[in-house]
Each structure stands twice: as structure tokens, then as C-alpha cells.
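Given next, in C-alpha cells, is a single chain: the form predicted on its own.
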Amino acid sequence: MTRVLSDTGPRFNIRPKTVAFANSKGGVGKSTLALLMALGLATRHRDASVSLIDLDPQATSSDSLKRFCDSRFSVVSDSKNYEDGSPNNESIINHIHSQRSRRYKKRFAVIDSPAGIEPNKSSFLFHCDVLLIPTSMSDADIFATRKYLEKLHRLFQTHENRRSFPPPALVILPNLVDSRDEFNELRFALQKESAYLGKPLYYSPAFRRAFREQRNDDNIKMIFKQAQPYTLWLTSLLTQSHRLEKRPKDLFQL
């Protein structure tokens, strides 16, 4: 059953491995990639608990994935923002740090962020190990990604010595790319950015049906079959996030 974040809750020094999919631009594939990450972690790590935190008012992720919930896979929805449009940081942070379980030693939290949230209003980002920033090859998406990265760097530099946790590693995810040539164009367009560049996820019509409920979940099976190598890389990126330097000087391809 889908749960809703409360405004109160305990905080702990030990938190789960946490990743957020974020970009100020909508339609770049945050929810699709969050689906791959969440279900990929739950499938690959049978001894771990996985929590998907859906912050999008459209609730695409939570509505689609709640049918997979069980004792170790949970879906949490919280689309309520403050009047100024900022996310409910307190409840998000409380939920991340309250994910403790005697039954499961490994714990993961996956955050699907909505479009339009400004980094300076998103203090929950400091509680993430990795921040994954999806983008496509369109000029609008590339422009928005550059601006978003600029604001992230400004935020992390301002609070560099004031946080308990170091800022998350920043990884740009080329999403639904048509060809290797297009990926190279995207890499060239972002070459001056101080961030990591992840593996490209190439386009497939199957991704159009990612959030469609089908009998026996054939659409999900098809997506996982086609994206198996990518999902393996994506989940490994989180589990091995401690190996990433936090701030590469230039664009560094993983």
C-alpha cells in the first residue's frame, strides 16, 4: 500500500544509500529512470529494503509501482509543497533517515523529483549520495540542464562547511538517445560542465508503455529485458557511489 510522508519522525546518523532523480525541466525521463532504479535494486538485491519517494504531484511513479509493494519494497508519495513552491524538506529528510530495519542490512532510497523545484529550496539533496540529472538531446533540455547544474554548484559551494554530509556526486544521464552520434553531440554540448556523464539509455518504443498497467506486467518485463545492461550499470552506480569523487573539474565520462 502506498504511504504518505508525515511531517514528524526520527532522525538517524546512519542513512540508506540514497539517490535523487532531478532536473528543473519536465519530460526528461526522471520517473522512467526512477522506475528502473527502484525495481532494479529490488530485483538485484534480495536482501535489501528499497523505498521509492515520489515527490511529483502527478504521482506517476507511485501510482505505477505501488502494485509491486511488499515487505521490503515500499512506495511513498508526498506531492505537498509549501506555499512558496518548495518541497516539504523536513518530511523527506525524516523519511530518509528513518529507514532502519533489523531485518534488512542493506537499505536504498530512490527519490523521484518533480520539475520546477529550485535547488536552493531542496535541502533534502544534501542527504543524497548521488544526484542523477536526466536530459535529452533537445536544445531546451540541454539549456535547462546547464542552468540546473549551475544552481546546484552554487548551492553546494555556499553550504560547503555547514552540512553534516558532503554534497552528492552529480551525474548527467543522457536519456532516450537515438544513436551514438547523438550521444557524442550531447557530450560535446556539455563538455564544460563540472559533473560526471553517465551511460546513454537508447530509445525504445517500449519505454512509452513504462507506466501502463498490463496483465502479467508484460510491459515491465519487456523494458527490463531490453534495458538489462543499463539497469545493472545504473544500480551499480548507487551501490558503488562511495568511489566517485564528488567534484570532477571537467565533464568526466563514466
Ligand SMILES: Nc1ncnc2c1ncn2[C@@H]1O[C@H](COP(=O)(O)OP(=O)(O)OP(=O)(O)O)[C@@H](O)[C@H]1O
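Computed from a prediction, not measured in an experiment: that's the story for all the values here. So that there is no doubt, residue numbering starts at 1 and follows the sequence shown.
Only in words, not in the display: the form predicted in complex with this ligand, which the text now covers.
Screening 125 to 133, 89 to 97, 69 to 77, 169 to 177 for residues having heavy atoms within 4.5 Å of this ligand in the predicted complex returns a single hit, 169 to 177. Among residues of the shown chain, residue 207 is one whose heavy atoms approach this ligand to within 4.5 Å in the predicted complex. Interface residue remark: residue 140 is not counted as part of the site for this ligand in the predicted complex, having no heavy atom within 4.5 Å.
This ligand is not drawn, but in the predicted complex it has a heavy atom within 4.5 Å of residue 29.
In the predicted complex, at least one heavy atom of residue 202 sits within 4.5 Å of this ligand. For the partner-free chain shown, nothing in 235 to 254 comes within 4.5 angstroms of this ligand in the predicted complex, judged by any non-hydrogen atom.
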